[in-house]
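Shown below, as C-alpha cells, is a lone chain in the form predicted alone; questions about how it binds or moves come after it.
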C-alpha cells in the first residue's frame, strides 16, 4: 500500500528545510554557567551595593577604639538616643542596610542578653530596660533598610574566653541575635581574636587557635539554620570576604571568586583578598569596610576630620565601581545620634551621586551586536539598556569576543560608563575595551578587566554619537545585563 503526499508550496519547503538545518533551538538555550556562581543569598547581598556600619558601645563613652573588657555597664549612657535619626541619616545617604556592632571586643552587649550581666540591662540607659539592637532593627524596617549584626568572636570581658566553655556562651549569644530580631541580611565575624584582656578579672593574655577554637563549621550552621537568607562575612566568608584593607578600596581587578579554603577568620593574605583569585574555587565577593572618620567609634576630637563628599564619592567608584560593596561606618555620638558634620557630608555626597546617575544617556539608543545568541530576542543586545538585571545580552557558544554598538542618534557627552554582568551565570569577562566614533573612525578611550556586579569607568569627557564595547578576552561567551552612560556635573568632579 502506498501513501500519497500532497505537494507543498516551494517557499514553505525552503522554510522547513532551513528550520531543519538551523541550530536555533539549541543555541537559544541559556549559556552554561562558568565557574563558581553566587547563591540566592549572595545575589540579594550584591543588590544592596552600599550600606552602613554602626560602631557603638562603651568605647563611645570611654574615648577608646578597643575596650579592655573591664568597663562598667554604667558608662553606657546615651543622652538622646534616636534610632530613627540614625537610620534616617543612613537612608538619606542612599544606604540600603545597616550592620550594628551588637558586641565588640570589650564584650559589652547592646541587647539584654540572658547569658551575661555585661550588657545594657545593667546600664542607666532606659533605666536598664533598653535594647539598642531592637530599636535599630525596628527603625530599619520602618525606613525600608535591611538589618545585620556584628558579633565579635573575641570577648575581653568573659572569664572563660580561650577555654571550651566560652564557645557555648558565644553560640548562645549568636542564637539570641539570630532568632530575636527578624530577618538579617548579613552576619559579621571579625578576624581579631585573642590577646590582652580583663577576662573576668584575670588580666592576662590569652591566645587561641583561630583555625579550630570556634569550630566554625558548626558555629556557622547556627546562622544557616536560623537565618538562611543572611550572608556571613569574615576573611574566609563563607559568603562575603574582607577586601584586605580598611581604606574602602577594592583591587583593580577585584574578582568575585576566591580559593576560599586557603583562608580562615583572622588568617588573611591581604593582597589576595584585595584582588580575589581568577579562577577561584568559590564565589566570594569583596566587601570594602571603611569609616567616615579616622576611628571606628565616635571621638569628639575627630569632629573636624569627617571625610568630604568628594572623598566618599571616590570611595564609591573604587568599591561599588569595582564590583564590590561599600560598607561605610557611621559612629553614633554620645547622644546616640549621627553627628551633624557626618550627616552634612553624607547628604552632600548623595547629592553628587544623584546628580551623576539621574539620567542614563544611553536610554533610547539603537543597539546592535556582532552576534546574538541563537538570534533570539531573549538574548538581544537591547537588554543592556532596559534597566533590568534579570535580562541580558549573550552570544553563541564559541563567540567569546563580540562587539556591541550604541548608536546614540546625536552627539552625547559623558564621562562615566556602567557595565554589569548577569551574575547567575558567573563572572565571564576578563578584558574589555570602549571606543568612541570620532572623525570617521573608532578611538579607544577606556579598557579594563573584571566587570562582575558592576564596573564603573570614570574619566575625561567623551563626546560622540556612537559608543562601542569590545569584549577582548573571555573564556566563554559573555552575558551582560547593563551598559549605561552618565555625565558628572561640574560639582561632582575631583577637587
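Residue numbers count along the first chain shown, from 1. A quick note: this is a predicted structure, and the numbers were derived from the prediction, not measured.
The following text describes the form predicted together with a small molecule, which does not appear among the structures shown.
Evaluate residue 165 for contact with the small molecule in the predicted bound form, applying a 4.5 angstroms cut-off between non-hydrogen atoms, and reply yes or no.
Result no; residue 165 lies far from the small molecule in the predicted bound form.
Counting only non-hydrogen atoms and a 4.5 angstroms cut-off, does residue 53 reach the small molecule in the predicted bound form?
Output for residue 53 is yes: heavy atoms within 4.5 Å of the small molecule.
Can you tell me whether residue 111 touches the small molecule? I mean in the predicted bound form, with a 4.5 angstroms heavy atom cut-off.
Because no heavy atom of residue 111 falls inside 4.5 Å of the small molecule in the predicted bound form, the answer is no.
Do residue 246 and the small molecule share at least one heavy atom pair within 4.5 Å in the predicted bound form?
Yes, residue 246 sits close enough to the small molecule in the predicted bound form that at least one of its heavy atoms falls within 4.5 Å.
Within 4.5 Å of the small molecule in the predicted bound form, do we find a heavy atom from each of 66, 105 and 190?
Verified in the predicted bound form; spot residues all in contact, yes.
Heavy atom within 4.5 Å of the small molecule in the predicted bound form: which of 263, 81, 150, 216 fits that? Just give me the one.
By the 4.5 Å heavy-atom cutoff, the listed residue in contact is 150.
From the list 421, 239, 71, 289, which entry has a heavy atom within 4.5 Å of the small molecule in the predicted bound form?
The residue from 421, 239, 71, 289 that makes the contact is 289.
Of the listed stretches (374-382, 197-205, 275-283, 182-190), which one has a non-hydrogen atom within 4.5 Å of the small molecule in the predicted bound form?
Selected stretch: 182-190.
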